[in-house]
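Below sits a lone chain in structure tokens, taken as the form predicted on its own.
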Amino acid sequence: MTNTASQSLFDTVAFIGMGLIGSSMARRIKRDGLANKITCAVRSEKTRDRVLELGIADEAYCDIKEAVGDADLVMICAPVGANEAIGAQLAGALKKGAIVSDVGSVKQSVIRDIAPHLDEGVHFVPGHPLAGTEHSGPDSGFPELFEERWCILTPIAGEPESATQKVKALWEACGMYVECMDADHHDRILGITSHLPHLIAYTIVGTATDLEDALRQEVIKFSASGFRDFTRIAASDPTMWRDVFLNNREAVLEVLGRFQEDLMALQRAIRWGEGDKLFDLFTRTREIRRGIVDAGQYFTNFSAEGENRQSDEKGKKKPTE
């Protein structure tokens, strides 16, 4: 879904945060000419200097107000726990007609923490691109990150449709398929598809680290593909995921409770030798996996350097709606 027609969708796009998502989006915008100017706000002078050295922003600041003053679009790409402080700094700093969006994995808390601070005439379109790697920082980004993935927007009642359409057009130009839904619905879905798997991965890897030293070393030495996959997920940014769990606690706790019940049922089936129950469960879950592949959600992956790593699954398709 690569954008072949180079066209500017915004005059100035400002990023707050230049980690994996922000730096990947900035690179894509730069590469395809989707904005005339990119500015950003980062937390340290070291990061500011690195962003300018990489050439992924035209101007970089350590002060949010300096970065966003002339922006037509502000993309908040920081951990969701920082949103309230960011929102307070956006108050009075944006020009009328500016659009604010974000990339956070939780949407209700983003709306709660950002929306009250925005001045009249400034529009807010929360969003969440479902793409990422375990890497972080401005060096980790690459422009193909969003290719043929889903982006979810959670428009707020009363905001003009035109603002949503502009943000949608930008994500589509970055290579994504876009769908809109209610923020609560988003948080419940992501609680299952993203947040619970990360919680499980952190727990499994944490259990391995608590083993006695000799056994732990053998676990690392003889890691099979399943454990390696868990360690990749568990290597994700700890600040980001701490904030996700704390800001989507109700949905996470609900799905975690269901998971614990299912895990207990599985434990009983193993204890009592109920092979039929195990076979039925594994058959159903295998079909889910095949459905994910058929829906186009198992794609070629790209490393942070843009190196193509082909999966062993063929026949990728456009995601079905």
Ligand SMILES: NC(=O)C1=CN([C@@H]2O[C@H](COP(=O)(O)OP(=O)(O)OC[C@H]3O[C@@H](n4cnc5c(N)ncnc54)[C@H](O)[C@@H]3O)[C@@H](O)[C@H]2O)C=CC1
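Values in this document were obtained by computation on a predicted structure and should not be read as measured data. Just count from 1 along the sequence shown to find any residue number.
As for the form predicted in complex with the ligand, it is not shown, yet the points below apply to it.
For the options V100, V103, A71, V167, the residue carrying a heavy atom within 4.5 angstroms of the ligand in the model of the complex is V103.
This chain is drawn without the ligand; in the model of the complex, the residue among L246, A82, A208, L196 with a heavy atom within 4.5 Å of it is A82. Within this chain, H123 is remote from the site of the ligand in the model of the complex, having no heavy atom within 4.5 Å. Within 4.5 Å of any heavy atom of the ligand in the model of the complex lies no heavy atom of T154. Heavy atoms of R31 never reach within 4.5 Å of the ligand in the model of the complex, leaving it off the interface. When the ligand is considered in the model of the complex, C77 lines it closely, a heavy atom lying within 4.5 Å.
Picking from 91 to 99, 135 to 143, 200 to 208, 111 to 119 the stretch near the ligand in the model of the complex, with a 4.5 Å limit on heavy atoms, gives 135 to 143.
In the model of the complex, just one residue of 34 to 59 lies within 4.5 Å of the ligand by at least one heavy atom: R43.
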